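We begin with a single chain expressed as structure tokens, specifically the form predicted on its own.
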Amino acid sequence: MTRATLRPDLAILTMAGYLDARPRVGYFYTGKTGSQLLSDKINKIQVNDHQSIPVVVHESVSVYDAICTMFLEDVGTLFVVDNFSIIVGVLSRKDLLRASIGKQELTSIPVNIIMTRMPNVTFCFKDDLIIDVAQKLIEKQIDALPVVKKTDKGYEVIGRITKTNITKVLVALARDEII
């Protein structure tokens, strides 16, 4: 066989990570297994490639309005912000359910009374690795993390990463849609 015949096949194996190529050396086996190549790929995926739009409510919003927002937006977690769009807390389904049990008037209770407050909020940054964020979701047993950026006033919410986002990454990896 000629070099021209082999080159496309060698190029495919090189792109897949099984072979490497160097000038004056040629092609050589990297020694990596399929699972090692997958692990290498997973450890390069960042949050900013797979985050979704955050759903935020103001800290003065009533519990009733927060429940309506959660159902209208079809999310399980709301991020609570102040007048400067800085995160001050998080509301989960459990928080809203706990507040609605009993005979309280939900339209008169502000969410800042029942939310999980900073600094007890777990968050991530857009350049964090998706595998590290998945580990945080598992450890804290939560459904979503706010993606934030540091400002002079605090942390501004710029996105969210959820269990659904992580599942989509897994499906994309299985279908070899992530490079």
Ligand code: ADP
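Values in this document were obtained by computation on a predicted structure and should not be read as measured data. Throughout, we count residues from 1 along the sequence that is shown.
Only in words, not in the display: the form predicted together with the named molecule, which the text now covers.
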Checklist entry - Tell me which of 35-43, 148-156, 117-125, 48-56 has residues with heavy atoms within 4.5 angstroms of the named molecule in the model of the complex? => result 117-125
Item to check | Heavy atom within 4.5 Å of the named molecule in the model of the complex - the one residue of Ile142, Ala134, Val61, Ile67 that qualifies | outcome: Ile142
Checklist entry - Can you check whether Val80 is within 4.5 Å of the named molecule in the model of the complex, heavy atom basis? => result no
